[in-house]
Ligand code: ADP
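As structure tokens, one chain now follows by itself in the form predicted on its own.
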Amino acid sequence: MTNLLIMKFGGTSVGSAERMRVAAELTAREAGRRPVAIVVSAMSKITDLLLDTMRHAEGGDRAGMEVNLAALRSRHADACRQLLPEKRHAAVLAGMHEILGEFERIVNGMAMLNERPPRSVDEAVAVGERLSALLLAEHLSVSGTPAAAVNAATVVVTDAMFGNASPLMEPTRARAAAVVAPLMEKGILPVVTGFNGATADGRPTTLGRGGSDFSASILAAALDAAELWIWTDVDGIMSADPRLVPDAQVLEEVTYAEAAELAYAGAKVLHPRTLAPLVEKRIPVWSKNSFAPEKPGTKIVPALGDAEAVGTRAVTSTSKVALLSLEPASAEVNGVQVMARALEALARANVEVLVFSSSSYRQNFCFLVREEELEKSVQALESALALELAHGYVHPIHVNRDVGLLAAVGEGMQGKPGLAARIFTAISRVHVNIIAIAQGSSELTIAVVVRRGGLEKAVQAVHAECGLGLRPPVPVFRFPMERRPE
């Protein structure tokens, strides 16, 4: 199938009947020009509501469960009545009732066991996407674009890592060819659920952080799509968070690597895993705003021209992080072995290490993790190093929550003399102390950990220093030794 377009709509882009109408219009417009398949998220805030319902179930709070179940039914029933003609209400409401009945069965089981088995969580949390797909497919059909909801559990084949599964691309290609392609050949537009999949033997899984975008890229790669469009509620990928930097600009193009680094360091763009299936086939991605579809958005491409890849291209940050520090109690303890065991423990716990930094002599080291992964990080480290901690061979784990991460990203940073010094000087100029620094051998990113209270000032200073905004860049500071004689 030539010139296939995959479009993915995020939670805010399908967050209400009104937004679903817009999504359907955007879809129908493109479907009139070329083959299209779409991937949808759950309506905004629905995934949180599903997870909260499961927490109530685990705690045996049936009253809390019922309140949430009623809210789930009400929100989707209201969307159905606003979106579809009355003659379709009964059939679609019956379909939604069946899906919500499955969810209710699962959470009742959790309430009986007082626990949330990971496999059951994965099956339950995909309900939001299934409801969105049903509603949007029905609306497209009654509006003149024949469509069908497709549960990605029948298409995306994954491993059995519940909560953070990885796709198995060859069986997924076979499933996509058997399930999705025939629909398009019949003139039916597939509306595929994001975020979920299933093992080869049919056990439901989810794809973890950024899972809906990941689903779209998996489908694009499996079907050899020409393009992938990600519809969100922002104008594209920006040079900084506009809430922190008012003169931040939308970037016309970024590379796969730049987008991945920005996402890893906290920018609300595509998760690094999202881009992985696209790299081999060099499928371009557009990040676009469904609330302002006339704006061009940002194109994510394999590589930039030399003229475009000049120095730092964006600055991103996140305050939702914590810094963990470990230090051997004496030089007799092999610090490298302690590091290796600590990192292995974090890997087993499926924790993303955002920054890693170590000293040379004392062999103390620190790493930055996401705030939501802090508890399991500490548990993993305490378990892996229990003997050393108990006997005092390693000092107690130190946790610093009062930190934030700043990352300057750009393909053109490689080999740029003085760039790191300028970034550090810009941060010090606004009286913000640097706690830790990390720079990979690719020189694509310079990551800096600072006190949380100084993060905003640091971002603004680096953005201005690198000349990324609409205002002129800050003049380069020159040390006295660099001055030429009069």
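In this text, rigid core is short for the largest set of C-alphas that superpose within 1.5 Å between two forms. So that there is no doubt, residue numbering starts at 1 and follows the sequence shown. Since this is a predicted model, take the numbers as computed values, not measurements.
Only in words, not in the display: the form predicted together with adenosine-5'-diphosphate, which the text now covers.
J.: Counting only heavy atoms and a 4.5 Å cut-off, does adenosine-5'-diphosphate in the predicted complex sit next to every one of Gly236, Pro242 and Lys268?
T.: Checking in the predicted complex: Gly236, Pro242 and Lys268 are all within 4.5 Å of adenosine-5'-diphosphate.
J.: Mind telling me which stretch in 99-107, 339-347, 153-161, 224-232 gets its heavy atoms within 4.5 Å of adenosine-5'-diphosphate in the predicted complex?
T.: Residues of 224-232 come within 4.5 Å of the partner.
J.: Should Gly10 be counted as a contact of adenosine-5'-diphosphate in the predicted complex, where contact means heavy atoms within 4.5 Å?
T.: Contact check for Gly10: yes, within 4.5 Å of adenosine-5'-diphosphate in the predicted complex.
J.: Just checking, between this form and the one not shown and with the core aligned, does Lys281 shift 2 Å or more at the CA?
T.: After core superposition, the displacement of the Lys281 C-alpha between this form and the one not shown stays below 2 Å, so no.
J.: Rigid core superposed, CA of Val245 - does it shift 2 Å or more between this form and the one not shown?
T.: Yes.
J.: Rigid core aligned, does the Cα position of Val459 differ by 2 Å or more between this form and the one not shown?
T.: Yes.
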